[in-house]
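Listed next as structure tokens is one chain, alone, in the form predicted on its own.
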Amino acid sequence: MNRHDPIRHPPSAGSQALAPIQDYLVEIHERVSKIAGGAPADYIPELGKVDPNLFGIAIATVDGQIYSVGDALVPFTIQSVSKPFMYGYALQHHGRAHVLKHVGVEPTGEAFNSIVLDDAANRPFNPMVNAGAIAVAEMMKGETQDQRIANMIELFSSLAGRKLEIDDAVFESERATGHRNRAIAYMMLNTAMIEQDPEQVLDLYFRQCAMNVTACDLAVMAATLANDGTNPITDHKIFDTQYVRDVLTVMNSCGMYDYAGEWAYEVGMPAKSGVSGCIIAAIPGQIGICVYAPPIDRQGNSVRGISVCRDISREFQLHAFYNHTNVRSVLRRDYRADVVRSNRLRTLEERTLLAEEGRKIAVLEAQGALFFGSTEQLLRKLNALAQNSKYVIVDFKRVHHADSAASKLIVRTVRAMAGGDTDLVFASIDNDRPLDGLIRALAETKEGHGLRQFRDTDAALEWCEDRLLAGVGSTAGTKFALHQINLFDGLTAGERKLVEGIVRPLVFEKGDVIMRAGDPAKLFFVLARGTVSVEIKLHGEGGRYKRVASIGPGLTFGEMALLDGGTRSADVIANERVVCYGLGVEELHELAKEHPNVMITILGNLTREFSERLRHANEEISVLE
């Protein structure tokens, strides 16, 4: 396996949209791997034998997606990173009041293995130092030592989502050299902070520290805390939300020992380190992170782990005091163009082709705020749609905020998909000021300049449909002969000749108003070449107009004049140079007096067209509700 391959729940083959996060992990792994300094912990002899070049990073999301790089599947012992999870167990099974009698929540400013208790209460300062962790270990339930060990293993296995085991060699090494911890345990026996045999309590404590895990395991365990106590892989609820809050609070203030203050200032993520060289961090509602790199500094923290977490926090604004909303609300809906089409009215041939090929066009509607966690969700969905699509349209109409992390991930996606098999199309990003940052970020890249961007989803859909139709050999285009136009299907050659006698060829330039709302309806039109837009004025919108349809060659507009006369209900404007046929309503009625089949055939074709439009509109409504 390549050191940079994803190793658990990897992206599908040929994946493009997952590349941003995976590529970022590869970049940061390569950069941080050059950092020297620190050394593996050797006061526990077995830890001193570890390869100092091992280096793995894993990120797990709150819905179970895992990204990893490097040595993320290499097993190592959990050491002090076990402490927050044992603390969560104690809270879950004994309650907050009982646990607080035995372990406080104050930072110490001392080393993790200090032999010191709170002078006022004679209890350990917090559960993240050894004294507090030993007191917490005694709270593991079980009638016998074997039962307590089995319950402890079950706890960590449920957190990781797989069966974990103890590294016996490391356990024996810790038990043989853990004299300082023995001093702590006997001191707490003297102050009644523990009541059981100190050797049995220490036996369990040494075993919990010797639990074998991988960076991927710990990322899932951290994501369980980020996910309010529910394992994102198994969906098993392990801790109540109220106790997760307590665990994360103590991690935030005490998890990095006497480096905790600087960590909170610089990185700002609830975290815990272990002397085996691992660091976990949990970002509530978003992700869990684990970095494994054995060389540690004088405070017992992984040198490379600190660097990675600092960079991730800064790059994606994951500091605890950046306010974000829930990531799960970013996906409003998605649909395909075989069911929901643009407002461009199509010929029967075009409609048939789109019904067959329209699934190659996917539309993904985003909503809410885009930040790291929500953008990851959006891009993962985009990736899934891209696997069997020729075009993917992302609609940003309902996005009210996109931070710099979101912009960076989206730009990475645009770069990854440029020149690929799936064309990425953006809609509704040019009119919303909240997306100015994304617009600027795209403008700074050549791929962004080449990205197709449209004012709304309808325009984007129409463009994709046109491209798709051209690619499958559609013969839709200029329709100068009446026999090419569906409206006149069923007329004999002689009847078509009669109709040609009353047709008025008309030419309009781009921007010309062909019909205006309120004008008398004396003509209806058949489009021979070019396209026109049907627009209505929005009430109370400051005179703003909305395009409700686009019409191409072979189709009619203004046909209601045939049915009820009256006045026009909308404006029709030429999108380009247009050639069309105008048919006078009075002339057609006169012709029909002697040749009634002409009117019967035309009205029948119009009725079928209106019926098909109504049927498809109902299908679209059922999809979009």
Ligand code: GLU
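Please read all numbers here as calculations on a predicted model, not as lab measurements. The first residue of the sequence shown is number 1, and the count goes up from there.
Omitted here: the form predicted together with the ligand. The next part is about that form.
Checking 285-293, 452-460, 78-86, 330-338 against the ligand in the predicted bound form, the stretch whose residues place heavy atoms within 4.5 Å of it is 78-86. Highlighted residues Glu174, Tyr205 and Val275: every one comes within 4.5 Å of the ligand in the predicted bound form, counting any heavy atom. Of the residues Tyr257, Phe508, Phe239, Phe125, just one reaches the ligand in the predicted bound form with a heavy atom at 4.5 Å or closer; this is Tyr257. Screening Asn383, Asn231, Asn181, Ser533 for any heavy atom within 4.5 Å of the ligand in the predicted bound form leaves a single hit, Asn181.
For Ala90, no non-hydrogen atom is located within 4.5 Å of the ligand in the predicted bound form, even though that partner is not displayed. Using a 4.5 angstroms limit between non-hydrogen atoms, Leu159 is distant from the ligand in the predicted bound form. In the predicted bound form, at least one heavy atom of Ile44 sits within 4.5 Å of a heavy atom of the ligand. Though the partner is left out of this view, Cys464 does not reach within 4.5 Å of the ligand in the predicted bound form, counting heavy atoms only.
Residues of 287-318 that come within 4.5 Å of the ligand in the predicted bound form, judged by any heavy atom, do not exist; none qualify.
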